[in-house]
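Just the one chain here, the form predicted on its own, laid out as structure tokens.
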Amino acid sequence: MTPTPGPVGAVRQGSLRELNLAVVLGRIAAADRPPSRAVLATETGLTRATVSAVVEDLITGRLVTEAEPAPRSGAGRPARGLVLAGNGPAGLGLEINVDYLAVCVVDLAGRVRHHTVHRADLRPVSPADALSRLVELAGQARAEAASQGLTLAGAALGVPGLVDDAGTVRLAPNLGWRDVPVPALLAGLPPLTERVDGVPPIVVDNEANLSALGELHAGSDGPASFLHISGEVGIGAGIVLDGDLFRGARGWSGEIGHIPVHSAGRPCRCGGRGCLEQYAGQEAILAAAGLDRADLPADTAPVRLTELAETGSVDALRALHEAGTALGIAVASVVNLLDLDTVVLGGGYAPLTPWLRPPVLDEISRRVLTAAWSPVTVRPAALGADAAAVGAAGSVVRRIIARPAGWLARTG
């Protein structure tokens, strides 16, 4: 049976409205100062009437609000600028790592409105139990968001391992996870967010990728290409090239922690030997500093190492120098391959940058072919240890900005 043709004009009209909504909201989100309706009309090429209608839809849907008018010296009423609303949809960022759970709420303007870290050694815990604990924390975040007038419109979860397109964690060696169907396990638990067209209820990704995305969007002055390294118990990297995250053919790029730095070195949980994690991972640094029995959680270990380094502890300084040397060997290989000029040290590495950077730069100068005339910058991450959870929440927010019609369909 031949299907009856639908209302083509209406479909086109609807598509045009969705496009206009995305264009106008995108301009407001990217503006350095709140643009007026007239400025938006000029920048987008849309008529003033169309811009006014779109803006009213965005205001009604709690996506945009009017800023306070700037003082005006001349006659007439000053134009009202437009900014992203602080009481509408928000993103929920989640992270499962070896010894902590993190939950973060970010509003449409990128402001962190809630953040909590729960310390727990998750290696002896089953994936289902770990996710159940995370959902409990997410429920608390949802209630806190609601008390601030926010609605969670989607969630993203970062895990320290290989994640396929379906959200299955194929391998997270430091957690002991293999072929864990995270979305299916979450489906049997209380919902994390509201349902919004065009925004997946949960996206599962590698935590280093989400950290790199968080760093990319943390400010407008950063480089368009860089290597972001997350230093925890494991070590992961997010590769950003020309403003886009490079995922590789199967989405599994960035496993810098398993680059061998000693060919016949220490055995690794991945099954290999001499991996970078065994020399520059958090547990390796603590052991070298004589703190392997101190039972320091992930968020306090870098603080303790910083304190010891600042007071001149010989063991701590030696441990950080050895870790920086191993890290520099791996980084030099990546820089030689991808021609990157910026390396960002994130996670637990961020506060340790003053001690890690010199040996990393020494290895880069020794091993990178172009180092003599093309220097590499090594700096701490802007978001530090919070990058994965903040980056996860921010990825949800950016999907809403890219497709606001889905949110408006829910609220309209």
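Position 1 is the first residue in the sequence shown; the rest follow in order. All values derive from a computational prediction rather than experimental measurement.
If you look for the form predicted together with another copy of the chain, you will not find it shown, but the lines that follow are about it.
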Using heavy atoms only and a 4.5 Å cut-off, determine which of L213, I239, V233, A130 is in contact with another copy of the chain in the predicted complex. I239
Only one of T116, T151, S333, T306 has a non-hydrogen atom within 4.5 angstroms of another copy of the chain in the predicted complex; which is it? S333
Closest heavy atom of R367 to another copy of the chain in the predicted complex, within 4.5 Å or not? yes
Interface membership of V135, another copy of the chain in the predicted complex, 4.5 Å heavy atom rule: no
With heavy atoms only and a cut-off of 4.5 Å, decide whether E255 touches another copy of the chain in the predicted complex. yes
Is I202 close to another copy of the chain in the predicted complex, meaning a heavy atom pair under 4.5 Å apart or at it? no
Please determine whether each residue of G272, L337 and P375 possesses a non-hydrogen atom within 4.5 angstroms of another copy of the chain in the predicted complex. yes
Quick one: find which of 181-189, 263-271, 308-316, 122-130 has residues within 4.5 Å of another copy of the chain in the predicted complex by heavy atom distance. 263-271
